[in-house]
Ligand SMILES: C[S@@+](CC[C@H](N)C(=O)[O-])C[C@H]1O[C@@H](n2cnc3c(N)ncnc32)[C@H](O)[C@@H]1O
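Take a look at this single chain, the form predicted alone, given in structure tokens.
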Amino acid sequence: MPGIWELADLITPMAIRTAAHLRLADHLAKAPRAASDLAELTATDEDALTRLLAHLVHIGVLERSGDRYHLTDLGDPLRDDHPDGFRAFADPASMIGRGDLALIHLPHSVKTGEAAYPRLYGADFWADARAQAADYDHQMGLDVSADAPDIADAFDWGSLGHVVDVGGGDGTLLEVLLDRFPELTGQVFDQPATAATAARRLERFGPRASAVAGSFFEKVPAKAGGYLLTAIVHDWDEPKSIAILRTVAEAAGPGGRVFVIEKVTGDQVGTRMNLRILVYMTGKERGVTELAALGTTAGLDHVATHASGSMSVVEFRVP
């Protein structure tokens, strides 16, 4: 177990994030390089970069042979083309990277219960996410792609006939479901720029898939066989979460089915993510019991919970 000083240290995480920002792994994946070469390639100060490289060697992200540095297995996920997608998430210039930097104001969030992101950047997270939609959608697509197989395994989605993926991002999840269930049709519902990205992604499905723009606080496409909300409810506080669920319930109509999908196992929630989304946007991770209670407050009946891997699909019906 690391000591308290190691746990509290900010140097190592910021060194790794700086390496991600400078794309050092991409340069070193091509060939081992000297600090002078890397400084030229990254437009950085050679002395300052050498200090960074020394710490990356110390923590095992890089190794040094003579005057040249090369990647280790530990550092390999810093490559931009690595399937984990880690580099984009760690880069302080990306939406998620920017959000993580707001954790320096965690004391403010803990004292007030409010997001810290606006305290650092002067605008709320969602305003910046809309302004950087392509970057944010890409990162969320990478995130959901890791969970999509578990979601697909959790339920017979084809039995619903037609689904609306509410806040469905760039269409990554719907694409997986349409491939898995040939009888299924679906529609992504999201902000205009994001819906346009999803429409392009789903073109290969022809009439089986579409995307439409709108706000889930106002109105959602009506009368689908099922409505999916994947990692949506956890982004919002209780009043806004209830408002979203009520809007979806109205669209679903009596007997309609609503599926709240979150990365939780029973009532166990991720402690890191719980703090992260507090700081980003006053969100909250909720276990199955709390999600069921939230749905009940919104006027839905909790009928089942379907679990697969790290995902829980909480199924509701409209009375």
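Fair warning: this is a prediction, and the values are worked out from it, not measured in the lab. From 1 onward, residues are counted along the sequence shown.
Omitted from view is the form predicted together with the named molecule, to which the following refers.
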Practice item. Decide whether Pro92 counts as a contact residue for the named molecule in the predicted bound form under a heavy atom distance cut-off of 4.5 Å. Key: no
Practice item. Report yes if any heavy atom of Ala231 sits within 4.5 Å of a heavy atom of the named molecule in the predicted bound form; otherwise report no. Key: yes
Exercise for review: Answer yes if any heavy atom of Asp135 is within 4.5 Å of a heavy atom of the named molecule in the predicted bound form; otherwise answer no.
Suggested key: no
Review point. Looking at the partner-bound form in the predicted bound form, is Ser159 within 4.5 Å of the named molecule by any heavy atom?
Key: no
Revision key, fill the gap. Among 178-186, 137-145, 73-81, 199-207, the stretch whose residues bring a heavy atom within 4.5 Å of the named molecule in the predicted bound form is 137-145
Exercise for review: May I ask you to list the residues of 137-173 that have any heavy atom within 4.5 angstroms of the named molecule in the predicted bound form, in sequence order?
Suggested key: Met140, Val144, Gly167, Gly168, Gly169
